[in-house]
Structures are given as structure tokens and as C-alpha cells.
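Here you'll find one protein chain in two forms, each presented separately as C-alpha cells under the names structure 1 and structure 2.
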Structure 1
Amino acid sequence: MSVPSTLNIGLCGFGTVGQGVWQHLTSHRAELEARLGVKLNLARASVRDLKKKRDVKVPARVLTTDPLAIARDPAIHIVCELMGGTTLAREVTLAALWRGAVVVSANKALICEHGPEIIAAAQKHGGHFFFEASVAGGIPIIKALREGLVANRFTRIYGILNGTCNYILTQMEEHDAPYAAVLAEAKRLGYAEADESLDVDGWDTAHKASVLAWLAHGVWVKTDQMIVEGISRITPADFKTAATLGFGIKLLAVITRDFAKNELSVRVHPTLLPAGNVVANVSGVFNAISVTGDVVGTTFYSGRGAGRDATASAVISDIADAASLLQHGKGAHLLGEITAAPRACRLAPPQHVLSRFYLRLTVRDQPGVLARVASVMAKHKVSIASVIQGPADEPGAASLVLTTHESDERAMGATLKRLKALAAVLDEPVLLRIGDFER
């Protein structure tokens, strides 16, 4: 595709992020054009409702309700897919790549679900796919992995990838507030969606973890191949108990690679982190990612993980990279390097995924219960490290919190199944992992 002195940009989707991209690209256009040596023209934008009032003023002539028309328009050099979802977004992305255009996407669910197909289409038809905004908002973690840290093999990547969950957990901890009340406040403030399940059940984080695992290890891991657990059953009492033990609680994505066994583990779950851990001290809507490589050691990235401005910043960064690629060929190698020589590895079986664990049980307040629980754990070779007993909310019940020495996911899964069957256990057990990442 020949590239003129002006690059036309089309935005497919003009919600919060799309309007942010239009606003900031317009206000910074002169500086960007001077750096890139090419004119940038915001040529078209697709919307659901042409009559809707928006924060950003856009000429009516550039608006359309048909995003596929933008994707297929040969005059559009850079297509920004900012719609969300995985159906129409997939059609738009593939339509643009099939004609050799550049696509910039913020859609982690799309990449997780259809990544191999998208990358194959880009390579086959000469298109290019940029997706910095899909993970951690304004934090340039994708550029760090694929460019700055390319010399490394990554033994561990972990961090906070969902600002909604981090806000909720921070508020619960700081204000001793129950989950339901904090969630309602997060919705009122616009930090949580009306349907919060994608965030609080861990799926948004899992989509992002899938993208990071592919970048770091060349392996596509679907969410049904991961441990994915959310935050809805965490209580203020868990924060108090964790603090007593010297920990805080965060929802983390954890990606580990055992190069000796050639095994990869990708999981998402609430995790107890030592109070001195740098990720443990990231609060509110911020994200944080720790990356350990065999050459560089451990590096750390933190910033706003979502929202209009942070995500727009990442999208515009990709637009700048796309412009440089189209003008000078810079960056054209990036996807090819990742996919040309896949670093094949297998997913670690549950018995190879090791951790210490925090287990909270609501049990009948009667003699012998602890002995029965300990017997079940011993049967599955799960060693108890500490026990904290206290009152429960319901009459005749007690709260039993146990931490374990290092065990594995298979043993803990079998232990939980047996504990649930005990008549003395009154509620679904709450299991959290303990993140000993600095050991």
C-alpha cells in the first residue's frame, strides 16, 4: 500500500476511549507530526447513534454508523478498533488486515479469543497489528516485553491488571467496608460497570494475562486453561487476618515459566502479598506489573491501567508507531519475531503449580472440628503452617483460618473437595494463594 504524505486515521468506535483519542491526537497533532515527519488526518469515526451528544466536537461529515465501511476504505491507512466485544470487532479487524492496513486495538478480549487468526491475517496480507492499549492502559508493558526486554527469557510476570478490582480491594482494606457496599460505590463513581462480573470475577485480568503470556512465551493460553478466580468472597475480616500475618490482598495475574521442565503456568486469583512487596503497595485504580527476566533481573511498571486518558495515550502511541512503520519500515519485524520461531512449551499440570495457601473455613463451633480439618489436610499431604480461630457472623459458628507450607494446586483441590463434604463445614471455603515472589 503506497503511503502519501498524509496518513488517514479511522476510529471504529467512538465511546470513552475513541473520544479521548480524538481529543488528545487533535491537541498534540502538531508535535506528533513534527516528530514523525508525516501529516495525521482524523478522517472518519464510526458511532452507534449519529444524534448522540458527545464530549468531543467532531464534524458530522466524518461520522458513520458502519465501522466496516471504515475498515474496508482503501483511503484509511490506520484503523483503530475501539469498539470492544469479539464479534463485529473481529470482522472489522480482519477486514482491515485483509487489505493490508494497519490496525490499532485496545481489545484484550478480542486478542485472547482470536489472536492467532488476527496475527495470521496480518502476516498473510501484509497488514500490521498494534495492541499496546489492550493491557494495563497507559503502562507501556507490551513495548517493554517485545522491545526493551527482548534479550530476556521471562521466569515470572505478575501484577495488578484490573483497576476496578484494585479500587474495590483498596477501599475494603482502608475503610473496613464490605464488598457489596464498596462495589455499589465503585459503580456510582464510574469505576465499575453496571454488570461488574467481567472485572470482579477475574475474566478481564485473564484476557490480559493471555496477551502477556503470548508476548513473553509465544503460547496462546485460553481462559479455560487457567485458574481464574475473583474477589467477591473476600471480606474485611480477611484483610485483618492477612495484616496480622504481614500481608495485603491483591487480585493478580501470575505467569510463570519453568524452563528446566519447559512448563508454563498462567493464573488469575486473589493473592496475599507481603506488606513490603512493591505491588502490594499499589492502591486505587492503578495497575502494577513486575517482570523478572534472566538477563535484566526484575523490573517494575506502574500507572493508570484504564480510563479515557490512559488508554488513549497507549492508542496514540501505537498510532505513532504505525505511522513510523508506514513511512520508514520501522517496527515491521515485531510480530514476525514473535511468531516466526514459537518457543514451544506445555502448560504445567496442577501438581507442578506450587504455592503456599490461605484457607478460611466457617465451621461449627464444637470440639474436634480442627482435628477433623487437620486430618483431611494431612491425608492429601498439605502441611499446616498456622491456625487462627475466631468468631463467625452466624450463631454457633466459628471462623477457622489456616495457612499452609508449600503445596500444589492438585493437592489443594482434593483437600477442598473433601473439606466441603464435612458436616462441620458450614460454608464454601475461601482459598487464597500466598505470593512468595521475592524468595
Structure 2
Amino acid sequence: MSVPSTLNIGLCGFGTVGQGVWQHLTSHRAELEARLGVKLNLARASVRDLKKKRDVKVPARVLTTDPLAIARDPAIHIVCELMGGTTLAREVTLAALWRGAVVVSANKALICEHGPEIIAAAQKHGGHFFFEASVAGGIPIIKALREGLVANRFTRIYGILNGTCNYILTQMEEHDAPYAAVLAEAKRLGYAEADESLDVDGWDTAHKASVLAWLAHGVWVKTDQMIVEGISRITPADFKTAATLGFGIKLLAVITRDFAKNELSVRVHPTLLPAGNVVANVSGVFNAISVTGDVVGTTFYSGRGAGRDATASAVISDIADAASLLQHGKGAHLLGEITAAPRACRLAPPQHVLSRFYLRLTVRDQPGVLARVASVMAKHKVSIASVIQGPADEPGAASLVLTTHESDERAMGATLKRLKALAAVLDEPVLLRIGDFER
């Protein structure tokens, strides 16, 4: 096979990430070409709106509104799908793979929803699919799992996978900042998804958890098979109460595998972490991931999890891997698309998923209410560890924060259902898990 001396790169999407890739690939082109031994040509880029003002200027002839034309162009060796969404992005990805091209993707929603189809298309037609930018921004966690830690079975992977949420939680915790204003700032900084509910409701973290679970365990876990809870109901008061108890609050993805039972659990929820936990101390847009393997023990990764520059770094690393692959062939390194053989394991049932819980209830401030709450919990064998009562915003109401000893998701779910039905419980309860990961 003849190896081209110049690799043509097409960017489908020229927004936050696409412009970052153009800017940094251009500024680092000479070093990259010297290291890779091949010329890198940014040939085309597609947008929705040709008239939109952009920070990164490119010749008008380079821009098109037709991403499929880039995907299908036989002269383009590396197609970067940086648009987002799961409809046109899927078509673009498949069109490029069907002609045996390399696709570089930052699109975790697409991978979570259509991963098996994409990998099958790559394998059938000789294309390749790279996706380092899809999880944890600039942190090379895909390479770490696939290559650096290949010797391991992963018993636990947990961490902060959404920069927007960590930015919001940090601003709320440190500056008592109002949720809506911080979210608007995260959008302005280019951290948030076009549909911000993907971030704050936990779905983006769930998409990334799905990608990591697949890499680590060879199993595709859909978001409807996970617990997925977001951050929108957490208040500054929760941070204060958590701090009194010795915890911080982070939105975490938690992937655990019980090899004895052969069960996998993938979940996303706001979590109380002990103040000394290393992940609890990762702030702002930074992501953090703790990976425990049976051979290596626990390893830890942190870095910017969103934004133009961090994400461009990950996309360019995939472009470099693609260049190396196109020159040296499949199998020269562990660079090709993942071929993790599905290893049979089942999803853990809720009664096998254990943790301690933090439960905040807004209740009528009346005699006997605490006893009724305690009785519901006792009925479901959920043992109370501590109770903090304080004022609530509503007149005649009290805020009741209970923590529990270890219980399971089924018992806690049933408890919550009964508590919601009590006349004395005034608002939707807030339930957070307590992460005892370093025990």
C-alpha cells in the first residue's frame, strides 16, 4: 500500500472544538510533522452557518455547509466529527468509515448510542475510529485504559467526567454563586453542550461512563440501564451540611465490577466524598478519574475536562495516532479501533449496589414527624447514622438531613417512595450517595 506524503484532514464542525483543533494544529504543525514524518493538511471544514463570526479565521474556500461531502471525499484521509448530535453525526461517521477512512470523534453521545454500529462499520470496511476527546477532555484516559493499563482487570473506575458540572458545583461551593449565572458562564466559556441539560442532568457523564465501561469491560451499557441523576437540585445549603459532616459534593460516574459475582454496575450521581479524597479536591472545569486495576492498584488522572484547548489537545493526539496508523499499518501499535471482545458479565441488580446515603427532606415542623420518617426507614431496614435538623425556606417547615449506614439501592428506592407519600414531607426529597471509595 502506498503511503501518502500528505494527509488531508477534514473537520466536520468548526465550533468550539473544531476551531481549537485548527488553531493548535496550525501552530504546532512543524513539530507534529517532524515527529510523524508526514505532512498534515487541514483541507476542509464544515459549518451550519457560513456567515457566523468565528475567532479562528480560515480561507472562505475551505468552508462548506455539507459535512457529508467531507466524509465522502476520497481525498480526505482523516475525518474529524466535531459537530455533536446523533443524527447527522452518525451519517457522517458511517459515511467516512464505509469508505475505509479514519474518523476522529469527540462525540460521546453518538458513541454511547451507536457504538456497536460504528465499530462494526469500521471493522467491516477497514476504517478506523478514534475517540480520545470523547471522555474527560484533555486527559488521555482512553489511551490509559486501552494501552497503559491493558494488563489489568478493572474493579473500580470513578470520577468527575463533566467539566460544566464541576465548574458549577465549585462556584456554588466556594462562592455561594447562583446556579443559573454559573451555568451561563460555563456556556460562554465553551464548556457546556449545545443542549445544556445533557450536562446538568447527568446524561453527558453517563455517555462517557458508557464509553469507559465498554473499554474496561467490553460491554455496552445504555443510559437507561444506569442510575443517572444530575446536579440541578443541589443547593448551597447542601454544601454547608455536607461540609459539617466532613464531605464535599461531586457529580461522579462510578463503574464497579464484582469479578466474583461477575456483575457490572455503571451509575452517575452527585456524591458526597470525604474532604480528604483526592477527587473531592479537583475544582472548576477539571475532571478527575481514579482507576483501580487488579495488577496496578489505583491510578489517578486529572486535567481540564472541557473547553477548546483541552479538547483540541485530545483530538490532535488522535490525528497523530491516525497518521501513524496510516503510515505504519494496523497492529503496529495498539492504535486501531478497540476490539474488546465482549466478556460475559451481567448488570448488578439494585439490591447488590451498596452505599451510604445522604437524604434531605423538607418536612412539617411538627411533633412526631421525625418518628414517622424513622419508622419508614426502619421498615425498609435502612439504618440511620445521623440526623441534622435546621430551618427550611418555607414557613412552618424544617429541613431534615439524615445519613444512613450502608444500604442498597432497592431498599433506599422503596424508602424514598414511602417517604414521598407522607403528608409531612413537603418537597421532593434530595438523595445523594456517600462515596466510600478509599476504604
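Keep in mind the model is a prediction, meaning the values are calculated, not measured. If you superpose the two forms and keep the largest set of C-alpha atoms that fall within 1.5 Å, you have the rigid core. Every residue number counts along structure 1's sequence, beginning with 1.
Structure 2, rather than structure 1, originates from the form predicted together with L-homoserine. Superposed on the core, the two forms barely differ at residue 224: its CA moves less than 2 Å between structures 1 and 2. Relative to the superposed core, residue 124 shifts its CA atom by less than 2 Å between structures 1 and 2.
Relative to the superposed core, residue 275 shifts its CA atom by less than 2 Å between structures 1 and 2. Comparing between structures 1 and 2 on a rigid core frame, one finds that residue 185 has its C-alpha moved by 4.9 Å. For residue 50, the Cα shift between structures 1 and 2 is 2.5 Å when the rigid core is held fixed in the overlay.
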